[in-house]
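Let's start with one chain on its own, the form predicted alone, as structure tokens.
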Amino acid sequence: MIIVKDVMGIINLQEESKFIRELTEGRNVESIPFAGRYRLIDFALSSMVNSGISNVGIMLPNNPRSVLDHLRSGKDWDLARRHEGLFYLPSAEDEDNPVKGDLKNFYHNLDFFEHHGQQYVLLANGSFIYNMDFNELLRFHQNTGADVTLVYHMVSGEQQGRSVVIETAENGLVEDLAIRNTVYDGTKVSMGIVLMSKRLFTEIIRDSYEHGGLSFELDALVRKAKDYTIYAYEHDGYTSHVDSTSSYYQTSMDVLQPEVWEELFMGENSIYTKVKDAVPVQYKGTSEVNNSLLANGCVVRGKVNNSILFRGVKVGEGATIKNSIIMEKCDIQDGALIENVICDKNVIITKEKWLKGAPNYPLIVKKNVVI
């Protein structure tokens, strides 16, 4: 029987960022701020901790500063421990092989996996939004006798972006894996969560890399799918992959729906993040707020509708914010109008300025800009 103490968690931060470049200047995808006070990585990490996994390795990107600043010792996730806890796995610097790919990073950290006593590896992507109990996945993996178990969700509507599409038999046995750039309603798409024995994991990494592989997803899974017994487990709760600016905006707007907010944040399992103490939101006499999420430290004198405001945002008198995401310590001054806009940190929108994007293509204002 598999128990969570036998499972090592690995969160892979080697995420492609070309479709979300505007929000990844100075940070990697998984440390993008989300929902007023969180970062994307909080969801995978919190789900592991809530499931009882106490040994978690973070496969760092090439520029890890923003992740290290957010996670630090892992204290806020109860992972600052004398034994086990949170570990950082550096990206590989190999001048003889400058080609990028996460397989190289896994290969150069094989000693970490082999050193620890856990018998299973749970690998997760850090840019998916969900709240999941991995204990049910462990039971499914054991009951099917699978070599590898993948977690998938059913796509609703059309979804753009690189996805691993899964075809299964009725019992969940995977019959085919493929990479697609566009998927449609009802398609089974991988959530980047993979469970297998540590022995098989290290074997796959070593064999795939030494035979010229670059990507774990493509070279170690999709191309070798016929070599193993792979089952797929469905997560039927809310799921979103933040891999583009449009998906980030849409996912943020989804959080304003009460049923999505309650599933992600109000259930038995909390989503943890780095704690920052600040005063509560101050709603002044001229303020008017509807269907919005405001973090502590905000001061509101204007109108906020269907929007997300991060910590320390100021909204001036007569200012209006609609369908927008305003990150930490922005200043929206008197009489300004903001609609369908994403403002990164420390942006100042001066008096009477109007900014308006399209509903499906929000206008993005970069960090520290004054308009």
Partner chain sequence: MRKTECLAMILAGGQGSRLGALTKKIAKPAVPFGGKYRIIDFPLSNCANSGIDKVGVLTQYRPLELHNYLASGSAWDLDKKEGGVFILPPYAREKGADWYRGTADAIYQNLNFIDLADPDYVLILSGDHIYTMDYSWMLEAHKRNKADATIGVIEVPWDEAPRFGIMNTDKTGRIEEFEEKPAKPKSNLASMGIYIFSKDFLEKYLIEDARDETSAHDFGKNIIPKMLADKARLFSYAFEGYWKDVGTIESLWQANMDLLQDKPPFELDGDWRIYSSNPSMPPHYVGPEAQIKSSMISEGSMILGTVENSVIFPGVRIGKGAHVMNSVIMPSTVIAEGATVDYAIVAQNCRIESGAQVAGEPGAITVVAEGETVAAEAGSKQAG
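Numbering follows the first chain given and starts at 1. Everything numeric here is computed off the predicted structure, so don't read it as measured data.
The protein also exists as the form predicted in complex with its partner chain; that form is not presented, and the subsequent description refers to it.
- The stretch in contact with its partner chain in the predicted complex, judged by heavy atoms within 4.5 Å, is 29-37, chosen from 320-328, 335-343, 29-37, 55-63.
- For the options Ala80, Ala278, Ala178, Ala169, the one in contact with its partner chain in the predicted complex, meaning a heavy atom within 4.5 Å, is Ala278.
- Contact with its partner chain in the predicted complex, defined as a heavy atom within 4.5 Å, holds for exactly one of Tyr283, Phe112, Phe140, Tyr228, namely Tyr283.
- Under a 4.5 angstroms non-hydrogen atom cutoff, its partner chain in the predicted complex has Leu256 among its neighbouring residues.
- Contact check for Glu288: a non-hydrogen atom falls within 4.5 Å of its partner chain in the predicted complex.
- None of the heavy atoms of Val174 is located within 4.5 Å of its partner chain in the predicted complex.
- In the predicted complex, at least one heavy atom of Lys75 sits within 4.5 Å of its partner chain.
- If you take 228-265 and check each residue for a heavy atom within 4.5 Å of its partner chain in the predicted complex, you get Leu256, Pro258, Trp261, Glu262, Phe265, in sequence order.
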